[in-house]
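Quick setup: one chain, the form predicted alone, written in structure tokens, and binding and motion questions come after.
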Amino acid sequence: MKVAKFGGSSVASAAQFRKVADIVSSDIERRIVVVSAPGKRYKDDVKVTDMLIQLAEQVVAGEPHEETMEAIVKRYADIANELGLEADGFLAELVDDLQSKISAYRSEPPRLFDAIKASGEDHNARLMALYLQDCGLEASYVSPLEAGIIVTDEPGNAQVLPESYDKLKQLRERRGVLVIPGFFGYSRSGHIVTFPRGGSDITGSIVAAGVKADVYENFTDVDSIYCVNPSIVADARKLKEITYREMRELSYSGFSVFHDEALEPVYRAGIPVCVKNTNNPAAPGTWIVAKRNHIDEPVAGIASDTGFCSINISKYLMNREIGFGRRVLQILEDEGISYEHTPSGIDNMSVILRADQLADGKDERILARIREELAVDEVTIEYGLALIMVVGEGMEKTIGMAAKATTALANANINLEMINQGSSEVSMMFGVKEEVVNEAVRALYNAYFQQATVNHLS
């Protein structure tokens, strides 16, 4: 059995629906299909999820929302009409569903946003099931409630509960192709609760683990996962395979292929993942597996992201002061701020975090508290940082990996703001100024991949 998840770009239009139907019908093992909401059809298009968010915002603000509602319905109507489906009943149900959710949750904005956002995937799954039936397949829509996806009651941040997996296992007994909407589940109290944005990947992974699939296929709009962002490095190398741990590190650090939480269920279940292209399904794709051969390619990939800052703290004999680091992090916790890395020396400590968390005067409050409560010699905040992660399970047993990076950056005249390596040695983090991050990524790519290719060929 295979579980196939199709992302927003794969179900954005009637043409894409036809491709999905061809893919599903070409392999009888593709028994379960998980779909996202319709994504962009072209560069400047608007995703249905963004339209739904706008609708919820208008309702909460008490603004007219009829035009947005009409635009949402039209997106589905355009798909249905071009596919030649008799969809009047489907479209009427869509309108009724949105209106009933607005009536039920108008006074509870977090609930309203979750219910409205989830309808994008929900109605797209219903439409996909109708189309697969029209194509002659035995297909049926299965809601997350019916499937048994029970989650924590945290609007916008659902976590699957263990009891879900026993219920999901029963889907193996169902006949035909089952179409399940991604992105949301139901709380024990019966409320719709969404996963974090990009959560359709999470749903696909949960379902694959629950039904004990042989393979989880994640269809997107690229032939493979690239070892680096192809918009930064032209002709970037495609990956044949990558491990769960490597993919998790890269996803967290800026790779957009997978939501960084999405791999956990299939990782636990030991189910291999194949990332494939809806627009070119014959391409072999990239396999995400438990182990790979690291001998020739110790580095799996390079990811980068911007929008970071560093709180830099100095205090003489800091290393002798018991509990110093804990108290720094307690101040951040008091302000509701999470951190990414904490590189340190004997008399200094830095805390790397997302800069957007320091809005509304939090930066000045944090600086003041650190000065007053910890009696430091100096504390500053440095903005405009980018983080680059070099990831590979083979780095641990390969000599000179860090030296290769620092040499490449030095030769490119790029100043390193910081460097940090985790104890697992699966990844190395480099901090640079945002304005040189792309140049730095290209320098690291040349050091780890271009030179490796030359050495291999020689």
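Fair warning: this is a prediction, and the values are worked out from it, not measured in the lab. So that there is no doubt, residue numbering starts at 1 and follows the sequence shown.
One more form of this protein should be noted, the form predicted in complex with a further copy of the same chain, which is absent from this view; the next part is about it.
Shown without its partner, this chain lists I28, I419, V46, A61 as candidates; in the predicted complex, only I419 has a non-hydrogen atom within 4.5 angstroms of a further copy of the same chain.
Distance criterion of 4.5 Å from any heavy atom to a further copy of the same chain in the predicted complex singles out I322 from the list A234, A282, A359, I322.
Across the options 282-290, 297-305, 344-352, 142-150, residues that bring heavy atoms within 4.5 Å of a further copy of the same chain in the predicted complex belong to 344-352. When contacts are defined as a non-hydrogen atom within 4.5 Å, none of G89, Y186 and N277 contacts a further copy of the same chain in the predicted complex. Proximity of E396 to a further copy of the same chain in the predicted complex falls within the 4.5 Å heavy atom cutoff. Although the partner is absent here, R248 lies within 4.5 Å of a further copy of the same chain in the predicted complex, judged by heavy atoms.
Although the partner is absent from this view, I271 stays clear of a further copy of the same chain in the predicted complex, with no non-hydrogen atom inside 4.5 angstroms. Of the heavy atoms in E138, none are within 4.5 Å of a further copy of the same chain in the predicted complex. If you take 372-386 and check each residue for a heavy atom within 4.5 Å of a further copy of the same chain in the predicted complex, you get just D377.
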